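Quick setup: one chain, the form predicted alone, written in structure tokens, and binding and motion questions come after.
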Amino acid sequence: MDIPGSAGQFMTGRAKLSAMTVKTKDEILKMAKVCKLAARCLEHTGKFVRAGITTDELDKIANDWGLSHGAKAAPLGYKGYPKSICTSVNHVICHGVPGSEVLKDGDIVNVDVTLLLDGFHGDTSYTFFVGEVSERAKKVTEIAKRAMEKGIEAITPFGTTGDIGFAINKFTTKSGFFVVEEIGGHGIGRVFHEDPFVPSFGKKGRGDRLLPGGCITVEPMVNETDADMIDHAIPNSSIQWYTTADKTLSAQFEHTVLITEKGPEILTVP
């Protein structure tokens, strides 16, 4: 699950001293455990993505799996969010709320899972195909996955969040697609959303310093067009969900990443 950020800090000024929370060895072990569990939960839930299933059924599958493995669904009740996962279908950019919507052949759906175990959070997402999808759906999904990978590859110890955003945006725009600038990744650990904000655009050397022992999510949202983003209220919640104004497709992938002295280590692997 991603967070809104401020664009200006990534475009001007020098790199900032980081507010990133550096984990101890024991805390890193706990992060690794919950992140692996979140990845397994996402993998399990993804097996049920098919035409005819509702997003609410996917929510129950994910929540039941997490509980059966001793973990809590972190989004449930977070700032009033009413469900255990986010399910963002087709032109929904992020924070889609599971409900009675029935998935149809040709849809794409991002399933975003965050688990809480032993006081730590693991956050990951994947965009799934529902049956046979169009070539444009395949393309935007492929670019979103590669954009995340490019962002992770740009992580270096004592580098910056701007390095990540620059790599994501450069690859995405060269591929003919568009990143969402207003929402991005975040620090993560004992707190669901910690500093720093991790953008999908930026300038090299700008933003927050990346400290060894810190954990962040890299989760670019990639749109087919540069249409405006529309925000929608969730009743009794301070969290909003977002769609493309022209109803063109949006795709997203997410990993939780540990910054080490040698570079990035992806924690959300099954």
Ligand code: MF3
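Residue numbers run from 1 along the displayed sequence. All values reported here derive from a predicted model rather than from experimental measurement.
What follows is about the form predicted in complex with the named molecule, which we do not show.
Undergrad: Would the named molecule, positioned as it is in the predicted bound form and superimposed via the C-alphas around its site, fit into this form without 3 or more of its atoms falling within 2.4 Å of the backbone or C-beta atoms? Open or blocked?
TA: Answer blocked: 3 or more ligand atoms come within 2.4 Å of backbone or C-beta.
Undergrad: For F177, is any heavy atom within 4.5 Å of the named molecule in the predicted bound form, or not?
TA: F177: no contact with the named molecule in the predicted bound form.
Undergrad: Using heavy atoms and a 4.5 Å limit, would one call C86 a contact residue for the named molecule in the predicted bound form?
TA: It does: once the named molecule is placed as it appears in the predicted bound form, C86 has a heavy atom within 4.5 Å of it.
Undergrad: Is it the case that G162, even though its partner is missing from this view, gets within 4.5 Å of the named molecule in the predicted bound form, heavy atoms only?
TA: No.
Undergrad: Contact with the named molecule in the predicted bound form for S200, defined as at least one heavy atom pair within 4.5 Å: yes or no?
TA: Flag for S200 set to no.
Undergrad: Which pick from H91, K139, H193, R146 sits with a heavy atom within 4.5 Å of the named molecule in the predicted bound form?
TA: Only one option qualifies, and that one is H193.
Undergrad: Just one of 131 to 139, 111 to 119, 166 to 174, 153 to 161 has residues with a heavy atom within 4.5 Å of the named molecule in the predicted bound form, so point it out.
TA: In the other structure, the partner sits against 111 to 119.
Undergrad: Only counting heavy atoms and a 4.5 Å limit, does any residue of 55 to 79 reach the named molecule in the predicted bound form, and if so which ones?
TA: P75, Y78, in sequence order.
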